[in-house]
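Given next, in structure tokens, is a single chain: the form predicted alone.
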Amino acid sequence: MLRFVARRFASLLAVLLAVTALAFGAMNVLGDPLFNVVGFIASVDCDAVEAGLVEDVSGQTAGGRGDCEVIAEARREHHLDRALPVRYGYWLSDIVRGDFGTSFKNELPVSDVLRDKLPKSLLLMGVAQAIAVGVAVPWAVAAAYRAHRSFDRASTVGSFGLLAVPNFALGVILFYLFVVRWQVFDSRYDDTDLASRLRSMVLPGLTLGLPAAAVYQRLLRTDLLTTMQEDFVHMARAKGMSDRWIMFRHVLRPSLFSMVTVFGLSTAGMIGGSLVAEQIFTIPGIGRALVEAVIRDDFPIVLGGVVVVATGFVVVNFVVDLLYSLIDPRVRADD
């Protein structure tokens, strides 16, 4: 078991390093960090100013010595005078120590920004997955009990309908019906207490959770029907066990493998969907902060958000791998 955990942890750590390296490289190649730190004076040619080759119309040195001193200080502070791999090494060492840098725009520590935003996004993910699993499992069990009947056919149509509606469209529909038209929920996020926060997460949770529930339901229903044809199920029926006991005691657990797999993978989809859900329902979470940071070219916020999101995705998939070994010990043995 320890060997299995160590291998999974090493592979997921490698994935995390690769993601952060690509994100850091993209942020530094696609934009100019110096411009975002010091503004338009980043365009000053300090070498020409030092040599006295550039002058403005008033006869003063263009940009002034003060601007060049600011540029030089910014280069040293952010290691912009070093090669990209070296700068990544400095940045990664700071991240390991918990230092995510400082926002270019509001000069707040990125760690403080993430600490304020992360709990809201985690609560949204938890509510969405709870809704998805809570809807999908009984829905799949009921459809498997009534396979190829009217309920099962209606379930198929309903699940395909949920999958066909994009997250942003579903969010707008829910917002219009429950906020604008019926006024069941408030239009803005309420952070007064836990009950208020959970209430504010119902609609965005449904926005992310219902499409995921449709995926889980289709997979679990198929696996339930396959498992119900196994010999041990027929043996249990021959012994006089009730269908409910057979379903929840013998059929459900071995049928969860595909659903658990997609549960881990759907986390990435929910992270992307949360960018939209947080914008529609005005939730001040990581997704909304990332959208605003990308628009403002605030590299430290973007990179800090990427680290948090990638770490969350890696941790979820690590937990899923452990669940594999609990559901089916053959996974651990084969590894």
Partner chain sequence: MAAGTRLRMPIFTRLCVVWLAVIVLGAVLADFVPGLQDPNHQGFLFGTSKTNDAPSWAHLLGTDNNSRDILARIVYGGRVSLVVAATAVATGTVFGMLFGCFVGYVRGKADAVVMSTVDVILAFPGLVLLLTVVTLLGRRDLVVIAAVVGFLSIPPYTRVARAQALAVSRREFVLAAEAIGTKKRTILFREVIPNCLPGCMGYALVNAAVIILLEGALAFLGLSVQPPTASWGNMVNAARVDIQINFWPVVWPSLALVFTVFSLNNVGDFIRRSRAVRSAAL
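Being a predicted model, the structure only gives us computed values, none of them experimental. Residue numbers count along the first chain shown, from 1.
Here the subject shifts to the form predicted together with the partner chain, a form of this protein not shown in this document.
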| property | result |
| --- | --- |
| Every residue of V133, V137 and F151 near the partner chain in the predicted bound form, heavy atom within 4.5 Å | no |
| Among 159-167, 93-101, 219-227, 138-146, the region lying within 4.5 Å of the partner chain in the predicted bound form by heavy atom distance | 159-167 |
| In the predicted bound form, L12 touching the partner chain (heavy atom, 4.5 Å) | no |
| Touches the partner chain in the predicted bound form: C46 (any heavy atom, 4.5 Å) | no |
| 4.5 Å heavy atom contact, S266 and the partner chain in the predicted bound form | no |
| Non-hydrogen atom contact D297 with the partner chain in the predicted bound form at 4.5 angstroms | yes |
| Single option in L108, A72, V172, L84 placed near the partner chain in the predicted bound form, where near means a heavy atom within 4.5 Å | V172 |
| Sequence-ordered list of residues in 296-321 near the partner chain in the predicted bound form, where near means a heavy atom within 4.5 Å | D297, F299, V302, V306, V309, A310, F313, V314 |
